[in-house]
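A lone chain, given as structure tokens: the form predicted alone.
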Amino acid sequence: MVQRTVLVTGATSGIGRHAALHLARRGHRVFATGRNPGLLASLQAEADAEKLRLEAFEMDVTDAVSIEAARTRIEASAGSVDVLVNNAGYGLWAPMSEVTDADLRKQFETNVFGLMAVTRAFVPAMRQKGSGRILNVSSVGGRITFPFGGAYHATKYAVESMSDALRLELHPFGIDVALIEPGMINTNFAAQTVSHLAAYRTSDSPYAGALAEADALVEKAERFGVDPSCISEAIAHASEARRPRTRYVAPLRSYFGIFFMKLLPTRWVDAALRAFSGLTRAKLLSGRRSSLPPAVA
């Protein structure tokens, strides 16, 4: 196996942290970045204890100066990056008709514009040497949409489309582009996503009845979650394979979920998702009785 120089963004927790350590344990030289200095120090300490070739330092994907400083640091130390793992991102959960412009823009700044800013910074060196890998961490949420996740899903749909375009445009230069599409993974991502609902859980919200049970829904969903190792293994395969797949859906059962949701009539899927999310007249009326129009006979 050829040892590669890998940059992992969003490596302070969850999938990013696990993948950075997994790649380093496989012998790759890993640069792990994020915005939380305390969590980066913890990651560095674990890597040092295992004598791994991993260097953790701060980089904000929404800050052009921070990205340039990271690029300069990496290229001065290791030359060009062989594999870029665009993992930095977070989930915003809020009703689409209620979400503020500020929250929506912030979601896109990190998940979409930040991803592209980092990609643009490291592609020129890959193009110059005629090889490289770009692995964009999307989600099954880039293929299907759940209630209250419209803002987050929109960013992942964008990542899917941009990755498809990049794959076509960069192939002549020897650069492969692959999408990593995690399903329900046992990290703190879901809990952090629901935490953003706090600003929208007001007593006068037309969705108060449904939002009140968001935590319980997360607990139900997490029962189907799996260890992040399956995603790290997918990232490792996409980094090392002679011909990486264009999409990696993990765990495998998530693929079947996508398949059946696309196969069934949309109205059936909508009804199931509304029921699961508490988007019923009874539930919404229990939260705010004046928010719904009279029932149609």
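Residues carry their position along the shown sequence, with the first being 1. Predicted model, so just to flag it, every value in this text is computed and none were measured.
From this point on, the text means the form predicted together with a small molecule, which you will not see here.
(request) Report whether all of Thr12, Met184 and Phe189 sit within 4.5 Å of the small molecule in the predicted bound form, measuring from non-hydrogen atoms. (result) Verified in the predicted bound form; spot residues all in contact, yes.
(request) Would you please decide whether Gly132 lies within 4.5 angstroms of the small molecule in the predicted bound form, comparing each non-hydrogen atom pair? (result) No.
(message) Contact with the small molecule in the predicted bound form for Val85, defined as at least one heavy atom pair within 4.5 Å: yes or no?
(response) Taking the distances in the predicted bound form, the answer for Val85 is no, it never comes within 4.5 Å of the small molecule.
(request) Look up in the predicted bound form whether Thr119 has a non-hydrogen atom within 4.5 angstroms of the small molecule, and give yes or no. (result) Looking in the predicted bound form, residue contacts with the small molecule do not include Thr119, since no heavy atom lies within 4.5 Å.
(message) in the predicted bound form, does Thr246 come within 4.5 Å of the small molecule, counting heavy atoms only?
(response) No - in the predicted bound form, heavy atoms of Thr246 and the small molecule never come within 4.5 Å of each other.
(message) I need the one stretch from 189 to 197, 143 to 151, 165 to 173, 122 to 130 whose residues put non-hydrogen atoms within 4.5 angstroms of the small molecule in the predicted bound form.
(response) Contact-bearing stretch, as computed: 189 to 197.
(message) Can you work out which of Glu55, Glu46, Glu240, Asp60 has a heavy atom no more than 4.5 Å from the small molecule in the predicted bound form?
(response) Only one listed residue qualifies here, and that residue is Asp60.
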